[in-house]
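As a starting point, one isolated chain is supplied in structure tokens, in the form predicted on its own.
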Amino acid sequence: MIYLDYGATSFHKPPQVYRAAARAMASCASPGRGGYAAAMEAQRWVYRCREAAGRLFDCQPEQTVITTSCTHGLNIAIRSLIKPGMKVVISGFEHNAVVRPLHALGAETVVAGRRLFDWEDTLEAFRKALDQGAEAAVFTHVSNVFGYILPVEEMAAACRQRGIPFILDAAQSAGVLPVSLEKLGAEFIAMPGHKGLLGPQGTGLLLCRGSGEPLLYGGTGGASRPREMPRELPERLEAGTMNVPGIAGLTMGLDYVLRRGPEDIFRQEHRCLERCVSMLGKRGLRVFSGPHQAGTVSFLPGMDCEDAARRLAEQGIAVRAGLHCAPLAHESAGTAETGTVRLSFGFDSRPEQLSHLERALSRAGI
């Protein structure tokens, strides 16, 4: 199988990720629940994970809350920062993991910047929206549908200059692009563990500037007497039993990214992207590409997108079709009625895979 769906999950992992997860399942109990060897080994994995995240994302280990997914982290962040009725600026390329929690809270959302790959439009619309009574902002770093890298450093600066708190969705950028809690000044940065960080599914990280408000309430392994959740991070936001095998695998994924460097991973993905865009364009397909693009590209196949993805799957090519849980992004691009076929590259994607893709497109009649 030629796997071209890294925007959904890193189906392939470095070998050490698999080994660590299996070893932790065989040797670890629950962290913070005892002083015996198996519990202490679990505690060591958890702290190693926080340390690795701190090195990669420019924060303290204690500012790193371990979650079950980026969606989990975004829900914590949004419910901590946003109150019902607040005016919140979002970009035109947000995932439902942002849009739906804001809707559920009854926030007033203002969509700013709808043109793909156009930093000038994004920034102009974003700054204008901030100046019209915004109380907070939530925005993605990279569109999960089109790979558009938003000008987040400038957007963050605009928020800081106006004293407006913001949340960054780093679902498609963590492990591939620079992400710094300290430099950006975000209140929260949420990310999955299973995409660019190459960990197992069911893991995620939430980087926190402040303490945040718990989404779940329960045991944390310590300070059991008070009925309130602990005031200190990270325990305040980590109720319940932790996924230690997942955390062990995530730690090794973080270690891989730290040793190789996000810049090198991005270069490899982008080489594949450029060749893919050229190949799709030569076939006469409508391809969504431009400057400021990460390793993800969408195209229209000239037939039903789901049917095209099924035909490619029959040829051994794994892609994703449809609205990609981001109808707002498709509305911005004018593809809300059709969806797109999305190809997304990862840490081990190779340019020669595109020859297989091209043959599969021909055989599939695309």
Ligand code: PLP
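Not measured: the values here are computed from a predicted model. Sequential numbering from 1, following the sequence displayed.
From this point on, the text means the form predicted in complex with the ligand, which you will not see here.
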With the partner left out here, check for me: in the model of the complex, does some heavy atom of Cys49 sit within 4.5 Å of the ligand? no
I'd like to check something about His194: if you look in the model of the complex, is any of its heavy atoms closer than or equal to 4.5 Å to a heavy atom of the ligand? yes
Contact with the ligand in the model of the complex for Ala171, defined as at least one heavy atom pair within 4.5 Å: yes or no? yes
Any chance Ala107 has a heavy atom within 4.5 Å of the ligand in the model of the complex? no
Using a 4.5 Å heavy atom cut-off, indicate which stretch of 219-227, 175-183, 78-86, 136-144 touches the ligand in the model of the complex. 136-144
Looking at Leu74, Leu250, Leu207, Met155, which has any heavy atom no more than 4.5 Å from the ligand in the model of the complex? Leu74
Identify which of Ile90, Ala97, Ala125, Leu116 has a heavy atom within 4.5 Å of the ligand in the model of the complex; exactly one of them does. Ala97
